[in-house]
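Form predicted on its own, single chain, as structure tokens, below.
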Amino acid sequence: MAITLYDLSGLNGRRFSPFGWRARMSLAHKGLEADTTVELVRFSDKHKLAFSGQNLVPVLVDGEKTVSDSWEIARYLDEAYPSAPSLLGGEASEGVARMAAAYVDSQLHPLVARCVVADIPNIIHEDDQAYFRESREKRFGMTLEEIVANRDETKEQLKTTLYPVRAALRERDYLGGSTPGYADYAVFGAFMWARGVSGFKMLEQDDPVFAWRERMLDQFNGMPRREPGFPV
């Protein structure tokens, strides 16, 4: 049965939502991306999501089943497609994967935003720019330019905040072990968000997280690397 994924879109179909990337990598992990139709949603297209009872991407439609929220999509895919490789590692590991996603949401995403948010108007449609600026400036209580004014300092803070990821990667290639899992996709989504919207370099090449990101870009026959983005 055909699957449809509703995902955020910028200019020329550029997909930069970190949560959309979690869902996209999850589908690829399950071997389902090639069989998935993508419905691209601009900031001004939120009405397209009304059927899901909310207005945020990603939304997955699998036959008669509609699932919103990237975490719930991962749980659904493990339940609906148990013969494919597990995303969450079973009941014993699901809590760890959930903790990793919460860490990204609460600790990494605010820092990534403070590095790249002012670059996002350059890669979205003109009709979306006023909404984006107004909504983000209201959220942060300052202009987009003020948010990123000290991003070199934010980069240093990000380096410190990534310590748990770096420590884990000193002993393994992926957070999931020998192969990536949902924890990897949660962290990777943050970097694909940055890569999709800005050329600001957040990682140094001698950082183990940089080498891990390179390995992640090569996953699924290089699917993430082929996506339009900046060379960071």
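These numbers were taken from a predicted model, which means no experiment stands behind them. Residue indices: 1-based, along the sequence shown.
The discussion below concerns the form predicted together with a further copy of the same chain, not included here.
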> Does each of Leu40, Pro121 and Ser135 have at least one heavy atom within 4.5 Å of a further copy of the same chain in the predicted bound form?
Replying inline: no
> Out of Met142, Ala84, Ala102, Ala130, which one falls within 4.5 Å of a further copy of the same chain in the predicted bound form, going by heavy atoms?
Replying inline: Ala102
> Which of these residues, Leu27, Leu175, Val61, Ala194, gets a heavy atom within 4.5 Å of a further copy of the same chain in the predicted bound form?
Replying inline: Leu175
> So, in the predicted bound form, is Tyr163 in contact with a further copy of the same chain at a 4.5 angstroms heavy atom limit?
Replying inline: yes
>> Under a 4.5 Å heavy atom criterion, is Glu171 part of the interface with a further copy of the same chain in the predicted bound form?
In response: yes
> Is Ser106 close enough to a further copy of the same chain in the predicted bound form to count, meaning some heavy atom within 4.5 Å?
Replying inline: yes
>> Considering non-hydrogen atoms and a 4.5 Å limit, does a further copy of the same chain approach Glu72 in the predicted bound form?
In response: yes
>> Please pick out the stretch from 146-154, 76-84, 89-97, 122-130 that is in contact with a further copy of the same chain in the predicted bound form, where contact means heavy atoms within 4.5 Å.
In response: 89-97
